[in-house]
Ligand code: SAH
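Just the one chain here, the form predicted alone, laid out as structure tokens.
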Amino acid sequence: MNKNDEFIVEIEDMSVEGAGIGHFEGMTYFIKDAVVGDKIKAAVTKMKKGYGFARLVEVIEPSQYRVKARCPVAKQCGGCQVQSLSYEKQLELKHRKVRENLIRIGGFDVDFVDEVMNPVVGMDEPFRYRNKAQYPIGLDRDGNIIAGFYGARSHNVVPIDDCLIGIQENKDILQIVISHMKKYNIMPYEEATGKGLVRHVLIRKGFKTGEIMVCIIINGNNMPGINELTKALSSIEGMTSVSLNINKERTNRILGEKVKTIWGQPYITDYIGDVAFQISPLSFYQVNPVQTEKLYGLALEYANLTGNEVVWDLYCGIGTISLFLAQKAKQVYGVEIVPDAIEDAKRNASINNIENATFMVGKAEEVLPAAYDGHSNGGFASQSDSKSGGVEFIRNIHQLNERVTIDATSKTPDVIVVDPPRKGCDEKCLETMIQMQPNRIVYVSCDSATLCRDLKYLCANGYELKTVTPVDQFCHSMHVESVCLIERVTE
């Protein structure tokens, strides 16, 4: 087969990136915009050894699961991978993805997997769920200023008037910003040349408070007519914070390190359950608050806290899970490598009057062993605390010099919660978790492949998988979160 050769194929499955998978003349093809169950005409775009890529030319017989995408630019935009697939089928495929990884990567028996797996926790309404959007600003072919999202596998801006998985206020905010740019002849940033001022518009909303934040990312120190712009933005109901983020680097990283509050507060507030969180432009915060509350509710259920437990929360971010659990635990220790996130976690603990949560900066795979064995590790100098029998850490990481005392009894926690990045847990971290012998491990994962790899390790070293529940955090994509309960096997 050569480029642009056409062929007819039936779509048998979906890839992790949302492409349809079909087989023709012994080759596997990945075909964007095709959905499982379709019979289509496709054209080759690229060939590799053993597989190829193709584009959808014509749907000959549509799948029973094919639906009309609500968004008119769903095919061009890189955001929603499978909006043309019924939501029920999306959930089924996500369940199967986690199940197959448990069997293939985790090495678990099929009957056992079917026993411990729960259905995917989906949404009643899988639209308008995102509380955050980062819109790149660019020019169309006629030189008009546009806002939208990047097309799949590109940095070409696809103009989007109203993203249907985002909040409705996005549309009005973007219109105000673009109108202001036209009035003051402000040009969008160009990656190729490094010229132009406005790079992105970041919008966040607290779903429970109704508070809205707008942060304009600029390639400069200020923006012409900024007071007039903030006056216009402040007329939108719920507007709480308007700021500029300075990013003058020749990079495709969206946010710079410096934020200037122009109007209102430097943050908005939102809630997960009864816990309030202050969210700044640089804060990490889950983008689907409805599903996040379900996800953390499951984590709390699996932790099975009675008020007497010591919990370690690894990869804790701004303390969302830590503070959620602290309401039911005796003591929570949170560990996160990003110093700004730890400062956010401490502030969030303070505003909620939560005093039984302690946060530390560092890599989980370094902090946890240091806490367990009391030896210097990973930039930590440690010494025995004769009064408590515990370990006192003098933290030198990122010039932070704060003393954190960990009671000796906390070195053998009742529960460890992990919510690692896509790469999963470091092996040293897993080893130390096993050495610490918590009764329960609650594993929250954004990648079922690395989750199942880590489950295999834990279950080969004295632990047993009790339950797995996938949660649909990102509707209309193939991404799926999971939360698992792992318990120590006792004699």
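The model shown is predicted, which means the values in this text are computed figures rather than measured ones. Heads up: residue numbers just count along the shown sequence, starting at 1.
The form predicted together with S-adenosyl-L-homocysteine (SAH) exists for this protein as well; it is not shown, and the discussion that follows is about that form.
How about residue 83: is it within 4.5 Å of S-adenosyl-L-homocysteine (SAH) in the model of the complex, going by heavy atoms?
Judged by the heavy-atom cut-off of 4.5 Å, residue 83 is well away from S-adenosyl-L-homocysteine (SAH) in the model of the complex.
Under a 4.5 Å heavy atom criterion, is residue 213 part of the interface with S-adenosyl-L-homocysteine (SAH) in the model of the complex?
No, residue 213 stays farther than 4.5 Å from S-adenosyl-L-homocysteine (SAH) in the model of the complex.
Test of understanding: in the model of the complex, would residue 291 fall inside 4.5 Å of S-adenosyl-L-homocysteine (SAH) by heavy atoms?
No.
If you check in the model of the complex, is residue 346 within 4.5 Å of S-adenosyl-L-homocysteine (SAH), heavy atoms only?
Flag for residue 346 set to no.
Please tell me which of 305, 197, 164, 338 lies within 4.5 Å of S-adenosyl-L-homocysteine (SAH) in the model of the complex, judged by heavy atoms.
None of the other options qualify; the answer is 338.
Within 4.5 Å of S-adenosyl-L-homocysteine (SAH) in the model of the complex, heavy atoms considered, which of 363, 208, 132, 330?
It is 363.
Mind telling me which stretch in 320 to 328, 249 to 257, 94 to 102, 199 to 207 gets its heavy atoms within 4.5 Å of S-adenosyl-L-homocysteine (SAH) in the model of the complex?
Of the options given, it is 320 to 328.
Within 4.5 Å of S-adenosyl-L-homocysteine (SAH) in the model of the complex, which residues of 282 to 300 have a heavy atom? Give them in sequence order, or say none.
Result: 284, 286, 296.
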